[in-house]
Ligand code: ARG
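There is one chain below, alone, in C-alpha cells, taken in the form predicted alone.
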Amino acid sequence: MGRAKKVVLAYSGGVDTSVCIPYLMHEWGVEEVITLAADLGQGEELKPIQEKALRCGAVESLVEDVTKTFVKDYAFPAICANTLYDNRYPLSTALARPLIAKLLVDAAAKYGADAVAHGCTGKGNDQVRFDVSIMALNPELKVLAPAREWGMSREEAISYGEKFGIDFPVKKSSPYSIDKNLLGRSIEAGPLEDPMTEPPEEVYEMTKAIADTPDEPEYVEIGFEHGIPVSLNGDRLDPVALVSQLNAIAGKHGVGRIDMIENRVVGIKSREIYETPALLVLIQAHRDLESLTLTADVTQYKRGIEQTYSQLIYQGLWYSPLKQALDAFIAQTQERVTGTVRLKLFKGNAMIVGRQSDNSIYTPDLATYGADDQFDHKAAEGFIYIWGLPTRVWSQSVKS
C-alpha cells in the first residue's frame, strides 16, 4: 500500500509510534522514515527516545527543543485570550499540537519528504489537531495515520513490533494514558473512565494533595506587560523560567487540579484529569488585571471572543482565518494590560488579593464612600429616569 517514499513521523517513543516505523515501511511501502520528537519542557531525557527510533528502523531521528517557542508563541497568546475550554480546561495539551504540526511540515520541507505521519487513533482530539494544522500549513502534503487504520489492539501492536526486533521492556503496565509538557499533564483512561471514581493520588505529579500542602499561605506577585507575564515576585524572568517556577510554587499548594467531563471534537464525552498549576494562575491573574485596565464593554465583549478562541484551539483550528482575525482583536485589547497582580496560594486555592497598574481606570475618589467622594449623586436621578424609560413605557403599555 505505497503512499509515500519518505515520511516524517511525529515520535514519542511509545508503543504506537514505535510500531508505526516498521508498519509504514512494510505495509505501506514507505522507503525512509524520519522521526521527530518535540521537547516541550516535559522534563524527560529525549536521548533514549532518539536512539530508540533508530533501533526501530528510522533512517534519521530528530529532537527539537522548542520549549521557549511553545511558551512564548503558543501559551502566552492563549493567556492573553484567557482560554478555558468548557470554561475549565486551559488547553495545556491542545496548545502543543499546532507547534508539533509546524515542526513536521518544516522537517518535511527540509528533508524532501512527501508525507508526514502521526500515531493518533481515530477516537481522540489530536488526530484532528494534527491533520487540520498540517492541511493549513501545507495542503499538498500527505498525512498518514497508521494507528487510525491498522485495527490492532495494544497487545497485537506489540507482537507486530516484536516481529521486527522492537523491544518493549517488561514493566508494570499503567492503566492511564498520560501526556505531559511544561504547561501541564493530562491523565485519562483506566479507572478514570468511571465518572464516579475519585482519581487516586498516584495520578498526580505536579500538584500536592491538600493534606500535604503547607499550613501557611504563600503570596506571589505576577507582573504583566501588554498582557504577557514577565516577572514573578519582582524578578524579571524568561518565559520558560517563569512558568517553571510558578508551576513549582502553585503545585506545592495543591493549586491546578481539574477533574472534568470533556466534550471531544469527535462528538463523544470523556473524563479528563489535568494538572496545570502555572497556567491556571496566570489566566486568573491576567483576567483580573484586565478588569482594572479595560473598559466594561471591552471586557464583556471579549468574553465571547475568548470562548470562540478556546474552541478554535481545542478543535485544531490554530492556523484558521478566524483565529488570525481574533488575534488582531486580542492584541489591540492588550495594549493597556500592564501591571502587577498579587495572589494568595493556600490549600488548593489561588485567591487574588491585590492588583495595581499605571493604566488603571479605577478612580478612588469616584469609588470611595468616604469624605473624598467626588461622585455627583444628584446626577443619578436623571440617569435612572432615562435608563429606565423603555421599561416604564413597556410596563404602561402592557397594563393599559
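Residue positions are given as counts along the sequence shown, with the first one as 1. For clarity, every value in this text was computed on a predicted model and none was experimentally measured.
Separately, the form predicted in complex with this ligand exists; it is not shown, and the next lines address it.
Stretch 186-194 is the answer when you ask which of 186-194, 289-297, 149-157, 216-224 has residues with heavy atoms within 4.5 Å of this ligand in the predicted bound form.
Listed residues 259, 131, 327, 179 were compared with this ligand in the predicted bound form; 179 is the one with a heavy atom within 4.5 Å. Contact with this ligand in the predicted bound form, judged by any heavy atom within 4.5 Å, is made by just one of 83, 247, 284, 125: 125. For the chain shown alone, residue 94 is a contact residue for this ligand in the predicted bound form, at least one non-hydrogen atom being within 4.5 angstroms. Remark: residue 89 counts among the residues lining this ligand in the predicted bound form, judged by a heavy atom distance of 4.5 Å or less. Although the partner is absent here, residue 272 lies within 4.5 Å of this ligand in the predicted bound form, judged by heavy atoms. Among residues of the shown chain, residue 318 is not one whose heavy atoms approach this ligand to within 4.5 Å in the predicted bound form.
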